[in-house]
Every structure is written in structure tokens, then in C-alpha cells.
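Taking the form predicted on its own, here's one chain by itself in C-alpha cells.
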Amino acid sequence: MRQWNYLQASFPPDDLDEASGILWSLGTNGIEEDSLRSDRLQIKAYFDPLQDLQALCHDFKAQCRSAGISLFRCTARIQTERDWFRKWRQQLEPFSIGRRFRIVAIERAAHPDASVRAKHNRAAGQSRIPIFIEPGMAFGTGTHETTQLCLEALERHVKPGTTCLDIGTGSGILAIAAAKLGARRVVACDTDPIAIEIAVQNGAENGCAAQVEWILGDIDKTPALRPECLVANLAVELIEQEFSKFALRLKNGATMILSGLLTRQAGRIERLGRRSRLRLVRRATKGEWTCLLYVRPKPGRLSP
């Protein structure tokens, strides 16, 4: 049974960008955010179990003091995969996203058989594509607005025969969605070995093993694929860092879907987009989150 270490901290929402930067510099694997009230934001920053959580907590507090961030609270906590999954599974009933998807939570230990899957397929209806997900401490269960925005964008832009690149795949939900939409080849990568292990298992549960290639590492570790669709649901700092690499990978006419962005952060990415050859074609929002859709123009087509 795995365990996951995390820091739980609360501070004013205006300090989120700077606090997140500190946490990424300390080596966090991911940050969850939750608005407690208008003047207070709570985050959970997850770390590898081998890291010294108490030392991380001490360093984070010290760097926040130096940066003038008003920490209301910061504690070091440990959560087991079993407890985390049980809570998630109890709270999550099958639900629909966009026009075509239906997310179904599974517990791998239960080994749902064909009759159970058939039941969910019928419940989804002919117009819904079921995605069976057991997150196992990897990010991407379909409940978060950023994942939903990406799924809604994928159903618009992934056509049968499309090639797709999923950066920071987490639980594999976006790669699986692309495969189920008919993509002929999907490459999905993540720097977290636990996430890749879980994504591989989720891909097998969804019958997508032949369509998805799972890669441990960042975009530099992936095959030299020029995808027709690239999706990255990441923290704004990572998107800023890798934006030019993402853009260079796209073939002419390809779409790039970027999410994981608080609406107030989206301008940082849009500034990068204006300096590139890409054209911003859609800005979608859900709650406090924004998803940006870019297209690499085909030769002879100028960006407006």
C-alpha cells in the first residue's frame, strides 16, 4: 500500500503564484487548490514519500516569510492510497462530461467483469463513451474543472485517425479519451513513475493498450511524433517552461490544448502565444479555471 506525503497550507489568493513557485522549486509533484472563502485559499502540495516532509514544511515556511507571504497555516500530512481512494470512491458516482463522455470509478481489486462494464455502457447510452478510472493517487479523475475542460476540447478536435500527444498524463484519462475517440496513435508521458504505472493499468482497463504508448519522462523522452493534437493539463509554471517545445512539436494545422491555468494566470501563456506562430482560437472557462486552444496555421494562412 502506497502513501503520499503532502503539505497543506492556506494563504491569501493573491499569493498563490509566488507560493506555487516555491513549492515547485521544492520538488512538489502536484498542487491541489480549494477556495475556503474570498480571502483564503487552501492548497495541498504532494511530494515523493522518500522526501523529508518536516524539512520541506520548514523550508516552505521560511521561504514564504522571506517572500512576504502571509501563511495562515501550514502542516505536514501523510495520506495512504487506500484511504484516499476509499474517500474518492464513496463520493463519486458515474457522471457525464461534455457531449460524449461518462466517467466511471472502479476499484481494481474488485475486478469488474464484462457484465458490470456492460451495465455502465448501457447506462451511458449510445451517445456516451465510458471511461473507467481508478486514480490510485495520480491526478486526473474527471472531477476537476481543468480535466473537464480538456475532455470537452478533445471531443471537438480528436477525430478518427488522429495522432495525439498527452503531456503530464497523470491517471491517463486524457490519453484514454483520445484513444476512445478514435485516435490511431496516442503517446502519453509523465515524469512520475507512479502515475505511469497507474495510467498503464487504466489504459488496459479501458481496452486501449494497443493505441497508447506510455512514456516515463517529459516531452523530450517521447518519440519524434508530430501530433495533430497536443494536450497538456499542467501547472502554469510548467507550461511556461515548455511552451516553445510544445509549439515546435505541432504539425501544420494541429491543435494544442493547454489547461491547469487559473483564469488570472492565462494571460501569462497568452503572451507566449503571441510571440509564437500559433493562433489562439478558443478560450474556455469553468469556475476559476481556463483552457486555451491554439492552432498552428497551415502554410499560406496568416494569424489574425
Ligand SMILES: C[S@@+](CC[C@H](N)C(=O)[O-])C[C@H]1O[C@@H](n2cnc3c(N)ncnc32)[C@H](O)[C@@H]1O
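Given the structure is predicted, the values throughout are model-derived calculations rather than measurements. Just count from 1 along the sequence shown to find any residue number.
A second form of this protein, the form predicted together with this ligand, is not displayed here; the remarks below concern that form.
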property: 173, 191 and 233 each touching this ligand in the predicted complex (heavy atom, 4.5 Å); result: yes
property: Selected contact from 94, 217, 207, 182, since only one has a non-hydrogen atom within 4.5 angstroms of this ligand in the predicted complex; result: 217
property: Candidate from 153, 198, 229, 167 lying within 4.5 Å of this ligand in the predicted complex - any heavy atom; result: 167
property: Partner proximity in the predicted complex: residue 202 to this ligand, non-hydrogen atom cutoff 4.5 Å; result: no
property: Touches this ligand in the predicted complex: residue 238 (any heavy atom, 4.5 Å); result: yes
property: Candidate stretches 68-76, 94-102, 155-163, 173-181, one within 4.5 Å of this ligand in the predicted complex by heavy atom; result: 173-181
